[in-house]
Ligand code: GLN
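There is one chain below, alone, in structure tokens, taken in the form predicted on its own.
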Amino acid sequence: MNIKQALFRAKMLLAGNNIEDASIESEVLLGYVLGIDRARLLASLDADISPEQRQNFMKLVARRSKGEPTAYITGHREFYGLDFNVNPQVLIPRPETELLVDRAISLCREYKYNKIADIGTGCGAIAVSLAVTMPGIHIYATDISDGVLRVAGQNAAKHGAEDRIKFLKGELLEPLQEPVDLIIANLPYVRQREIPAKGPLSYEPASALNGGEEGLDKIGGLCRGVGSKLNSNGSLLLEIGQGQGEAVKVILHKYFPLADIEIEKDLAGIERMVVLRLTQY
């Protein structure tokens, strides 16, 4: 069997199990088995694969057909042009979260911020991306799990950023010992009733998804504590779910009645980010 034939068989199996982007998923999985990137894979469609490679590949395809995310199968996910290690302890980074990184970079450059806190860092995607892009910035990254922080630390070391990120264990802002210029948080915001029992989301850690009845439990908790952890000219970036923008604005206005607060949409037109900028009190 050659690469082209293996990809065709896998694509049919994945599509038959309602897996979106079956062709790309097949290519990623086979490239992982063969230890080559997608470009080289597609340039070698007539090359044969061994029976062992075919068997290993089809085992992975079977796992994906049952809904297990490809990122957990391969242990990798690309984010902001970087390769991140992931496992079922951490949420899989999403492309829309790259908007937070873009906005953070913009704010740091405009207001000369040099101290950032990434709250609920997960695999470290946001913190590491910022450290790589802005080497002069100092970053705190917090999470409640030792296992999660180990993954984040591995990713920081992988990209040579371990000396610019200080990982702290604790709930939300509690580990921070000093105020920072910018707080970034991609906290659980999925409404509890919307978390499926089956499908890809069911493989991800519930603690990283479940935001409570309205999806705002963790976000509300963070907002209550921001005042003592943010410098007087600082900013806050929050990733949110669809339809949550106005509710988050109400929460923030309660604690920061004079702050500038904006809701920004992603490329699909969905409310994705709340940006708070402190004014002088």
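Quantities reported herein were computed from a predicted structural model and do not represent experimental measurements. Numbers follow the displayed sequence, beginning with 1.
Separately, the form predicted together with glutamine (GLN) exists; it is not shown, and the next lines address it.
Engineer: Within 4.5 Å of glutamine (GLN) in the predicted bound form: all of C123, K158 and A161, by heavy atom?
Structural biologist: Not a single listed residue reaches glutamine (GLN) in the predicted bound form, so no.
Engineer: Please run the contact check for E239 against glutamine (GLN) in the predicted bound form: heavy atoms, 4.5 angstroms, yes or no?
Structural biologist: Because a heavy atom of E239 falls inside 4.5 Å of glutamine (GLN) in the predicted bound form, the answer is yes.
Engineer: Would you please decide whether R150 lies within 4.5 angstroms of glutamine (GLN) in the predicted bound form, comparing each non-hydrogen atom pair?
Structural biologist: Answer no; every heavy atom of R150 is more than 4.5 Å from glutamine (GLN) in the predicted bound form.
Engineer: Looking at the partner-bound form in the predicted bound form, is P188 within 4.5 Å of glutamine (GLN) by any heavy atom?
Structural biologist: Yes.
Engineer: Does the 4.5 Å heavy atom contact test between L168 and glutamine (GLN) in the predicted bound form come out positive?
Structural biologist: Contact with glutamine (GLN), no.
Engineer: Tell me the stretch among 179 to 187, 77 to 85, 104 to 112, 125 to 133 that has any heavy atom within 4.5 angstroms of glutamine (GLN) in the predicted bound form.
Structural biologist: In short, 179 to 187.
Engineer: Would you kindly say which of L209, I137, L173, I73 lies with a heavy atom within 4.5 Å of glutamine (GLN) in the predicted bound form?
Structural biologist: The residue from L209, I137, L173, I73 that makes the contact is L209.
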